[in-house]
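As structure tokens, one chain now follows by itself in the form predicted on its own.
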Amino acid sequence: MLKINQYVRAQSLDEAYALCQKKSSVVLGGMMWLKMEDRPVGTAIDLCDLGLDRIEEKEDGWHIGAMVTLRQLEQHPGLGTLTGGALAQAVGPIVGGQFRNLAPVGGSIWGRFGFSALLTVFLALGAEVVLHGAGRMPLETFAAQPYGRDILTEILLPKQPVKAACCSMRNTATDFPVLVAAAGIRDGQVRCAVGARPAKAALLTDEQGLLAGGVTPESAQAFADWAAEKLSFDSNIRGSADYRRTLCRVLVRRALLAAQGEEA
């Protein structure tokens, strides 16, 4: 059971950031996973009054507030057009509509969970994050950092349209994924991410030039085979490391071809 000593609805990001510096403080987010923990919390910090629940198109890109829910992300027409539906493909299978109506984007990205399809697809889309203390940085940089005492305020997506797709394998509907693969193609550059390995998502670029001639069934398979050998995989109750490596060869190929608009 989560035992909270003090609850504070922060009235500014500066206040939330200051409170967050204490080790006993916790940012609440949507309380979807946190509520299941068994530990004491000195100060629970609620960000609901800070206007972080908006999706806005600005000159420098699409700004997605940390308190935007997965359901908002899934249904937003502008982001759907921008990403070719890849965001909806990533979050649509997550538990159910009730859960997605409550779970915030920031919680999933800050947590950098190994099972996070959202982290996977945002890496493929070339997203950046904004932290109140550390500022703006590429998502892949943030994902590689250790957990700290900062406040994630926004996720940013470039305004340039991207051909993208997200594929996953689940043993049962709404369960955690066995593996997730996402691909994004922008201005001829390919970014591919693989998550639920079961470690957190890893970003791959075409460093071998396997896709230099374009994404075709043959080049997509070659890239997928290379990705399966380059990445590390592990076993858990949902699948073995060998099974995940085999899935990688299938899902990366499917994601690349779907992003390109071809049949897998």
Partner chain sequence: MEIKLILNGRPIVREAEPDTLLIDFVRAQGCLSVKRGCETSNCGLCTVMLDGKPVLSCGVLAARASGHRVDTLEGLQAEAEDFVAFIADQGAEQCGFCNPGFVMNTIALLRENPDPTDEEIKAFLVGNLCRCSGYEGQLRGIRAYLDAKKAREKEAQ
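Residue numbers count along the first chain shown, from 1. Everything numeric in this text was worked out from a predicted model, so none of it was measured.
The form predicted in complex with the partner chain exists for this protein as well; it is not shown, and the discussion that follows is about that form.
S.K.: Heavy atom within 4.5 Å of the partner chain in the predicted bound form: which of Met32, Ala202, Leu50, Val68?
M.R.: So the residue touching the partner chain in the predicted bound form, by this definition, is Met32.
S.K.: Using a 4.5 Å heavy atom cut-off, which residue among Gly80, Gly96, Gly148, Pro138 comes into contact with the partner chain in the predicted bound form?
M.R.: Spelling it out, the residue with a heavy atom inside the cut-off is Gly96.
S.K.: Within 4.5 Å of the partner chain in the predicted bound form, counting heavy atoms only, one of 208-216, 55-63, 32-40, 225-233 shows up; tell me which.
M.R.: That would be 32-40.
S.K.: Verify the contact flag for Val178: yes if a non-hydrogen atom of it lies within 4.5 Å of a non-hydrogen atom of the partner chain in the predicted bound form, no if not.
M.R.: Taking the distances in the predicted bound form, the answer for Val178 is no, it never comes within 4.5 Å of the partner chain.
S.K.: My question is simply whether Leu131 lines the interface with the partner chain in the predicted bound form - judged by any non-hydrogen atom within 4.5 Å.
M.R.: Answer no; every heavy atom of Leu131 is more than 4.5 Å from the partner chain in the predicted bound form.
S.K.: Is it the case that Gln160, even though its partner is missing from this view, gets within 4.5 Å of the partner chain in the predicted bound form, heavy atoms only?
M.R.: No, no contact at 4.5 Å.
S.K.: Hey, in the predicted bound form, is Gln189 touching the partner chain, heavy atoms inside 4.5 Å?
M.R.: Gln189: no, not in contact with the partner chain in the predicted bound form.
S.K.: With the partner left out here, which residues of 1-23 have a non-hydrogen atom within 4.5 Å of the partner chain in the predicted bound form?
M.R.: Sequence-ordered list: Met1, Leu2, Lys3, Ile4, Asn5, Gln6, Tyr7, Arg9.
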